[in-house]
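First structure 1, then structure 2: two forms of the same chain, each alone, as structure tokens.
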Structure 1
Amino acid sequence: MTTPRAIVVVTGTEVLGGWVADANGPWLARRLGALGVQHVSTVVVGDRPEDLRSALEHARDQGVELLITSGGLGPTEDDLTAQIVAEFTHRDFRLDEALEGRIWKIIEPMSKRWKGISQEAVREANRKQAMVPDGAAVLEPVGTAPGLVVPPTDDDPDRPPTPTVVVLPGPPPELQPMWATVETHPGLLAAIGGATSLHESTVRLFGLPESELANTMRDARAAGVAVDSFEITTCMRGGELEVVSRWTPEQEEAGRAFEAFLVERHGDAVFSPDGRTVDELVLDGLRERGWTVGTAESCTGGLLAGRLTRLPGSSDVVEGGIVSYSNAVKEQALGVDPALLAAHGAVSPEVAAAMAAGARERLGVDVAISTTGIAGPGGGTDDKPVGTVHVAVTGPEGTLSRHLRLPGDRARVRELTTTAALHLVRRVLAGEHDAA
């Protein structure tokens, strides 16, 4: 049976120009994969009608069963996706009066707060969002923009047939909830008939180069694991190695065998066999022990505290943090001895340990994490080049510290430092600490 295929077309000059990162293409790719649909490509185009039309025609000529667009559904002049899709699918484009009324009910309460602006003018401008291609099914708006499921057209032998087109809004907080409706929509199910649901499994590793997985794959084949019978994707992300496997029910035995081989082969490097992030593991581990955590940051400037608190429920364990960028703040806020700074410098294991100890005392936490380093591009020396970082974690049972030499620019060094720090906390939670 042929696997159905899909192309995603992301619209928006702000995305094409790099002012806004595309979050919809990758997110939709994951959702399509879970449905058993082969994601052929994601195309990003600006708000020019001819570019969107060209992208749709190219996708049609690829012979895909499904075409998904995101963006271009607002009330402004450059929001033309629904109209272009109507032309592309050879359908008339008409006002849906009932839909217009439902959209106005959403907008009317907001319009009353806009001083000096006519409500009728607002309603007239947003009427555009209720224009619908003939025969299209409307997906109720999450914000103010409805989505559409436009059936395929193949009724004219003189024109190439078009695939099913799903039209979605651009803002991720609107697109993602709407997708829950799309997944079970009869129009989508008809387009991807025959797709087999895929199981997706993620194993995360730390402290292992991506190149080592080539050897792992070779040895798995030699051991009789059918690694070529299903999809395996590897990605180095934020200093961690992510291995994602996708398999059909018929391929499950091979998929599970590969997972087991991976875990047995790389042992301690596998920190998450179930796909949980190190952020989740650290917070879960702190909760299990009833421990609280705080930070003392120099080179990361608050990024570590931000990372600890970005997950819901983090307030259960996170007490706070101190950004001690200057030596004066290290001394005053954390109680670091000026003599220690003078003898070893701010970027040293001694100062990192003192920062962690000071944060643990001043914040009243069970576990304190410190970071101090040279993120660059300047400030490096022969003894302490750019990328030199010291991290320390102090807990009830002692301190664990690491001296790191991290590659990359300033942003990369700071990002990798937060990852290394969280992995150090994970080890402290497992009972590790430096020898006395």
Structure 2
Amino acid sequence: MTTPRAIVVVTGTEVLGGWVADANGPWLARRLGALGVQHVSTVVVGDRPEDLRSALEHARDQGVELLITSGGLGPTEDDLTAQIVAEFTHRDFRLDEALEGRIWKIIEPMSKRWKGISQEAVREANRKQAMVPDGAAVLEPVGTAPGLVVPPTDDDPDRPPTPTVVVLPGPPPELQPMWATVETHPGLLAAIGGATSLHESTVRLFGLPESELANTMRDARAAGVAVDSFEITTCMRGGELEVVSRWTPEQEEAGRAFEAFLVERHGDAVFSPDGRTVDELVLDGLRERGWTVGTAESCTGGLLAGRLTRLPGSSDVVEGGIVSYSNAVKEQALGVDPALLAAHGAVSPEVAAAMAAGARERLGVDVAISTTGIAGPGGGTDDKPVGTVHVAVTGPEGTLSRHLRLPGDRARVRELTTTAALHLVRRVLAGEHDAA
């Protein structure tokens, strides 16, 4: 059978205008891919009804099987998605009194805390959110707005048939849990027909340019690996290369052969054959070793500690850190020798090593990570241009250090330094250290 196709329509003036980043288009793209649905396009429109209508019509005219909307389901007068979808699918738009009652149970306790809002206005908003196109299935609200699965309308040969329309709320904390219901909904399964749920597999590499992967693909093809028989997506992110493969059961052999080729060819660069992020690998590795960790940061200014504490449960292993932005703090809080700073400058392998050693001692941790560098835009010299960074990791078995020359602006240098530091910890956990 042919691959079912979908178009996502995101509504919201604040998204279109660039005030809020669209989280739903990219998130739904991943979910559609995993369902084996070809995602044709994501269209972002504002709150003008005619623009939403035009986007729906264009999707219909492209003959897609599935149309997904996000947003425009709120209680206010400019939230018009459900009504426009009803018109678009030529269906009556009616109050669902049972649904009205269920929504009331959600909003009644909230409404008592609202001051200066009339009960009548609240009931009216309640009624508006309970209006449903004839024949549509209701997806129970996660917040206060219900979603909808509207089946295709193809009863009038004089009108173009409309595809299945899934109507979802805009806030990601509402949309994402609701999607779990959609994935197994009979209306969705009917729309995407025999779409096979694809296996998704992620391999992460560090320190390999994306261009090198093109060579690898060519060589794999020459070696008889059927790399063109399934879907491969690659993406560079913060110095890491993410290779995502998606395959059906029939394509699995080719997919596994490709991954084996990748690991064989780039064994040293492949750090995660199972999709775990470097953040997870580092925390898990520290737990396995029973080691605590702390930081001594200069150019990253706290971002490394912030990243180590990002995941829940990180307090198992993360004790804390010292942000030694000034030389005075490097000396006082980390015990870096002023003579060392004077002789080599703050951005030097000697100071990076002294910072890590100082943090290890002062914080009483097993592993200490230091960063010192020139993030820019100012502060660069011929000798040490912007992007010059030294990173060191000191653990119970020795020290591992790196001299980096990083590209990009201030934000990028700080981000890349943070990622590089985590990879250095990963190597230390694997037993690597500098020659004495």
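Because the structure is a prediction, the values reported are computed rather than measured. Numbers follow structure 1, counted from its first residue as 1. Between two forms, the rigid core is the largest collection of C-alphas that superpose within 1.5 Å.
Chemist: Between the pair I just shared, point out the form predicted together with another copy of the chain.
Modeler: The chain shown second - structure 2 - is the form that fits the description.
Chemist: Checking S326 here: with the core superposed, does its CA move 2 Å or more between the two structures?
Modeler: No: S326 shifts by under 2 Å between the two structures.
Chemist: If I superpose the two forms on their rigid core, does the C-alpha of N126 end up displaced by 2 Å or more between the two structures?
Modeler: It does shift by 2 Å or more.
Chemist: Quick one: once the rigid core is lined up, does E77 have its C-alpha move by 2 Å or more between the two structures?
Modeler: Passes the 2 Å threshold, so yes.
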